[in-house]
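As a starting point, one isolated chain is supplied in structure tokens, in the form predicted on its own.
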């Protein structure tokens, strides 16, 4: 009897100490990410998936735990029309509903695609409004292609604003997708970015909230992500002989944000996942390979979990925090009617 009471007591403490997580997909791209995680991956254990958009038709087909139509009076369900200021206004109109749905969360992800109206405008307003909750605020964003000049420069402005409101913003630049999806048709290649964001959110969250091969401690996650600015992510996947080495090298070589110097990163988050055949030696090997390429004083957090859907594959995710990006250093200049991005 005493043993049963003790076990129940421990289980209650575990439940109480487990962080509450909310994932908010903002705008079309953000909602697509949330929907992909919900539909294709069965959601995220220990997290609430929220889709927020100004476009009622798009929101209607999205799969999520909670759907919020932003700015019903401002946009009348017809979207923000590519204007970030309308996205901001719509978010302010509906912010109390957003606050209600994330109440009590310790970790809040704001996932969006920058460059349009709702994602660029509403994401910053939402992050700013939720800041007083003292939750760890992690932005996860995609950037448009450089040829989309107006969207590209709008995304830069949006990233500067979002960076000021989040602890860390993980950035995936579509211009660098060729490293991981260059041979795919355009539509599928764009879907890779959504998949990467979804895998990042699900993988990191479940390694914190559920029993894993090696768990990530919430306090350690906060230590490398709290007030760290921008973060770059790289993902590698391999199977067969030397699968760990190949996956690690790909993850390090294919960082999806152009950064000035990876060796100056404040910290690194390493996440390793594999099928039922993954071994602790392989996980340790992945961690050692990555840390060898970083400064000795870099803060390292790592976790690993078994994902039966990977079969004989190993997937390695490397997130460098506290990086400097050349994207924000670019200066737009006008040449006649055309706009160039000058470094």
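Residue numbers count along the first chain shown, from 1. What you see is a predicted model, and the numbers here were worked out from it, not measured in a lab.
Below, we turn to the form predicted in complex with a small molecule, even though it does not appear here.
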Worksheet item: Can you check whether residue 71 is within 4.5 Å of the small molecule in the predicted bound form, heavy atom basis?
Response: no
Worksheet item: Would residue 77 count as touching the small molecule in the predicted bound form under a 4.5 Å heavy atom rule?
Response: no
Discussion item. Can you tell me if residue 229 lies within 4.5 angstroms of the small molecule in the predicted bound form, counting non-hydrogen atoms only?
Written reply: no
Practice prompt. Classify residue 128 as contacting or not contacting the small molecule in the predicted bound form by the rule of any non-hydrogen atom within 4.5 angstroms, answering yes or no.
Written response: no
Practice prompt. Mind telling me which stretch in 293-301, 313-321, 22-30, 272-280 gets its heavy atoms within 4.5 Å of the small molecule in the predicted bound form?
Written response: 22-30
Fill in: Candidate from 148, 93, 157, 217 lying within 4.5 Å of the small molecule in the predicted bound form - any heavy atom
148
